[in-house]
Structures are given as structure tokens and as C-alpha cells.
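Read the single chain below, which is given as C-alpha cells and is the form predicted on its own.
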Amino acid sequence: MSGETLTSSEYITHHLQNLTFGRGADGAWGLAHSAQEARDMGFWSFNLDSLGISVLLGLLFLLLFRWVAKRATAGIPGGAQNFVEWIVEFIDGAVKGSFTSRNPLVAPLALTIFVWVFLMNLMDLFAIDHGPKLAESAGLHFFKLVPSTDPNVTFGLALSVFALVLFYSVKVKGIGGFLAELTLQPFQAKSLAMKIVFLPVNLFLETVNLVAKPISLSLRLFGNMYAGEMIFILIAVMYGAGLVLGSFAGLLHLGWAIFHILIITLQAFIFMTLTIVYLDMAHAEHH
């Protein structure tokens, strides 16, 4: 971007593009220099900015909680210990309220999802130009700071949860019980003939319901965060439209940033809660 004057459309497109690494049309592996090059790289490409920021935030979460745990005292706790204990108690209460079975994995998983997704969402509060300017100083063309605005990240999280749902559905109910759950409801009958008639209908409906879980889980997070980032970009465009619009943009920026704190927290909470609910459904046996 150095030395270039971008139109509003080019500015928006530039700030929505990930730093993509993959195999180009010429067969060589490298970084995409345009949105078209990134698209041409296809499925087997990597958004290095999303992966890098996600990993760094995950490590930050682990190191912070480990540091607090190693320094925890039974006496009067410090501010960091109070904060971590509050988060743990909050997650523990959410799990107890939504998960009716016993599984030692669910609470740590819920804690990880909530904090990790919150931290990824929190990156949206950084100035929208920081990522591209950081990339420019390093000789890169693109860089996005918010991993949860990348559908690859949200789908990766949702599919991981979906894999756990399938695993526990089979482990708790057995193959037979899981297949029965897919074929013998919601339409039920006492006669064998009607059960056979309802079987394909039930299988279709339950399969759609099952597959819809990771799709809705991922798209809900992605859609809300992508829309929030787009609003920040549009506000940033207004800064270059003169003193009056620039001043108004400053007020909009402050107001939207304050409101966005609620959004990023709520989206992390919803993702965590639905994960708990889906795992609870996977542990529940239908008779």
C-alpha cells in the first residue's frame, strides 16, 4: 500500500483479504499478491495470518492460566487469580446448567472455547489499519488480525466440536443406538411396516439436523464477526472524507467499539453454550 492511493472499494477489498499461502496457477508455492491469486490457489491454501494469530492467542491463554495456577494461594487472592477464578466458576456454572451427564472433558473444553474465541474476537477492537501496516513493513501484501472473520477458522472449530459429538454419540449409545436415533425419530410407529416407511424420511431429517449443527455454529460466529469488521472498515473509510464526516466517524467508531465488546463476548458465550448443548445431546439416550 506504500505510495498508493486506494479507492474506497480497493481499501475495503484490501482489508478483507487474508495473507494466503498456496500453490499458484504456475505450480509454484508462495504468497498470494492479489485476491484473485488467493482464489486460484484453491482449497489447499493456508491463511497464514489467521493460523498465526490463532496459535499465538491459544498460547497466550495457556500460558496466562498456567502462570496464575502456579501462583494461586489459599489466602487472599490477587487480581489475576480473582479474574481467572471468576472465569472458571462462570464456565463451571454454565456446564452444570446445560450438561446433564458426566464427562470430565466438557468443562475444560468449554473453558478453552470461550476464552480462545473471545480472544480471537477481541482482535477486532484493534485499529483496522494495524494489520495491513504491519504487513507492509514486513514486505507482505495482506494481513488480517481477526481470525474469527475467517470461515476456515470458524469451520475448523465447529468441525472439531462436531467430531466430538459423533464420537460420544457412538461411544455412549453404540452404533446401533446412534443409527436408531437417526432412523426412528421424529416420526415413530408401532408397526414394523410403518417404521420401514418412516425410516428414509427420519434418516433424511435427522441427517440434515445433524449436519446443520457445525454449519450453523461456524457461520453464526463468522457472520457476526465479519459484519462487525466490515462496519469498522466502513467507518475507517469515512475518516478520509473530510473534517465533518471524519469527526462523525470518530463518534461512530467509539460507539461501535463499545457495543462490539458485548458482541464479541456474546458470540464466544453462544459458541461455548451450543458446544455444551450438542455434547449433552450426544450423551442423552433416547428410548
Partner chain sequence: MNITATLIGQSIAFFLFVWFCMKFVWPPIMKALDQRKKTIADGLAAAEKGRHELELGHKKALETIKKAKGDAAEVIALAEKRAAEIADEAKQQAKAEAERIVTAARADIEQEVNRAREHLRAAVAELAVTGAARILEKEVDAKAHAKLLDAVVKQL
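Keep in mind the model is a prediction, meaning the values are calculated, not measured. Numbering follows the first chain given and starts at 1.
Keep in mind that the form predicted together with its partner chain is not shown, yet the notes after this line are about it.
Would you please decide whether residue 75 lies within 4.5 angstroms of its partner chain in the predicted bound form, comparing each non-hydrogen atom pair?
Looking in the predicted bound form, residue contacts with its partner chain include residue 75, since a heavy atom lies within 4.5 Å.
Residue contact check: residue 118 to its partner chain in the predicted bound form, 4.5 Å heavy atom:
Taking the distances in the predicted bound form, the answer for residue 118 is no, it never comes within 4.5 Å of its partner chain.
Even though the partner isn't displayed, in the predicted bound form is residue 45 close enough to its partner chain, meaning a heavy atom within 4.5 Å?
Because a heavy atom of residue 45 falls inside 4.5 Å of its partner chain in the predicted bound form, the answer is yes.
May I ask you to state whether residue 183 is within 4.5 Å of its partner chain in the predicted bound form, using heavy atom distances?
No, residue 183 sits far enough from its partner chain in the predicted bound form that none of its heavy atoms falls within 4.5 Å.
Output flag, 227, 267 and 272 jointly within 4.5 Å of its partner chain in the predicted bound form, heavy atom basis
No: none of 227, 267 and 272 comes within 4.5 Å of its partner chain in the predicted bound form.
Sole residue of 174, 200, 97, 108 within 4.5 Å of its partner chain in the predicted bound form, by heavy atom:
In short, 108.
What is the one choice in 257, 245, 62, 251 with a heavy atom within 4.5 Å of its partner chain in the predicted bound form?
Of the listed residues, the single hit is 62.
With the partner removed from view, which of 160-168, 184-192, 134-142, 200-208 is the stretch that lies within 4.5 Å of its partner chain in the predicted bound form, judged by heavy atom distances?
Stretch with heavy atoms near the partner: 160-168.
Can you list, in sequence order, the residues from 85-116 that come within 4.5 Å of its partner chain in the predicted bound form, counting heavy atoms only?
In sequence order, 85, 88, 89, 91, 92, 104, 105, 107, 108, 109, 111, 112, 113, 116 come within 4.5 Å of the partner.
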